[in-house]
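The chain below stands alone and is given in structure tokens; this is the form predicted alone.
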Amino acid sequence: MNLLRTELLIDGQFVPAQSGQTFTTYSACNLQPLAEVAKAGLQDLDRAVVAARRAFEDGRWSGMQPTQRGRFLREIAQRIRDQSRAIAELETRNSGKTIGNALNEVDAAANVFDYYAGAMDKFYGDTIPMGDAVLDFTLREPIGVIAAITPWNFPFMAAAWKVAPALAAGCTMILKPASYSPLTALALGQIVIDAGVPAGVLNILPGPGATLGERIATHPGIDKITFTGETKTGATLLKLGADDIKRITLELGGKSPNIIFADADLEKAAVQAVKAGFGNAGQSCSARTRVFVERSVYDQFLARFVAATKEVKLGDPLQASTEIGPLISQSQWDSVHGYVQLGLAEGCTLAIGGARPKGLDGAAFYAPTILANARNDMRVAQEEIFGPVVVVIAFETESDVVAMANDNIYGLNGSVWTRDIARGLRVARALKSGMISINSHGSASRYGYLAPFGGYKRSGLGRELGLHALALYTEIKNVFVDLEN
């Protein structure tokens, strides 16, 4: 396959990097070179900020009627649907996610643009009663220039989650996709151009995260950062952006609990635990990787969980029947395997997996792995592994499992399985997590746009999706009018 060659999107045009440099991005499907990508540098970032700032300040986008911006977003959504197969195949080749998952995520991205196309003219300020002599009201105004930094595990969908609400609110953007998987973000850029969005509204800069990220965080021309990625990087951006009080939204790591009570539908819970823990090869911040099982059914559930895991089909992610593809890179494989070895050294029992699957040597495949007899204080139960590795921990009582589930630096997602709805709601309220599912592993991403997505503690700041996201791309202005003068 011939190498793809891509450029930066700045001010409505695809252009080479100022330095002329490129970098190679690889296919996770076979670890072979896939594309030569223009490598953005600091000069390119400055050019993109100038373009975005000009497009914002001249009012051609921020001053546009919300319904008109909505027409552009609907056009983007339709063009995504028209090209969904090509985008999904490119996503799969670059990131290694299954074609089924990629198609679902591309469809979800189109739904996000459709949702915000119809949301912005319904998102407005309030009047505040202060008596007959005063009129007081609030305005919602776009923040300005947004820098979005997206991850390699959900490249296209994560870009849509950020671009759609920011553009709907009237902001302009610089999008920096992850170097591992920048290709579908650039495809989105072409769609935005083809939809007729004014030049400079969306600029896309693939390039080194450390160099560009530091400058993004301190650049005086950028008003807000929205970042999805690793927690330490998020903390660094927060510190760097503090001097000029830059607005920041962070969607970071997770080590989410999956709580199985003895009265749960164990068969359904076991099947869903496979999807919740191993979906996207475990490369998901929402993965339920700590499975807590009531001790009286521990062995029964574990047997069902192992049996369900054995049925999962690994293989070529471009084949429709494949359920789990490879990890993004060999270095990620090494990291995941290191954690499995650590777990065994800590005293876990290997129930299944723990190695490269036989016959799958062409990419960084890792077998879905269950570490049984784990304790919540083990590193494999506390740290985000970001691979298809789940620990299973026994618990005695409701209060015990809530305490263990909350004993973690993260608080992104979680599931509770029980036929006792009162208990399910009690536990959901008690868990320190931004999202909880009862008798499901679903979350906001299942429906693509309606509900807020984000976490407590070191899982992040702010929320994506729904009207909550729009609030984070706007400032509130209060207007006080004295009617007696």
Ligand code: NDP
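Quick note: we count residues from 1 along the sequence shown, nothing fancier. Everything numeric here is computed off the predicted structure, so don't read it as measured data.
What comes next is about the form predicted together with the ligand, which does not appear here.
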Original post:
Here the chain is shown alone; which of 384, 223, 316, 75 has a heavy atom within 4.5 Å of the ligand in the model of the complex?
Top reply: 384
Original post:
Of the options 210, 245, 133, 320, which one has a non-hydrogen atom that comes within 4.5 Å of the ligand in the model of the complex?
Top reply: 210
**OP:** Although the ligand is absent from this view, report whether residue 228 comes within 4.5 Å of it in the model of the complex, heavy atoms only.
**Re:** yes
Subject >> Contact label in the model of the complex: residue 152 to the ligand, heavy atom within 4.5 Å >> reply: yes
Subject >> in the model of the complex, residue 198 touching the ligand (heavy atom, 4.5 Å) >> reply: no
Original post:
Counting only non-hydrogen atoms and a 4.5 angstroms cut-off, does residue 453 reach the ligand in the model of the complex?
Top reply: yes
Original post:
Looking at 264 to 272, 398 to 406, 178 to 186, 357 to 365, which one sits within 4.5 Å of the ligand in the model of the complex if you count heavy atoms only?
Top reply: 178 to 186
Original post:
Would you say all of 260, 294 and 394 touch the ligand in the model of the complex, counting a heavy atom within 4.5 Å as a touch?
Top reply: no
Original post:
Considering only 252 to 290, what residues come within 4.5 Å of the ligand in the model of the complex, judged by heavy atoms?
Top reply: 252, 253, 254, 285
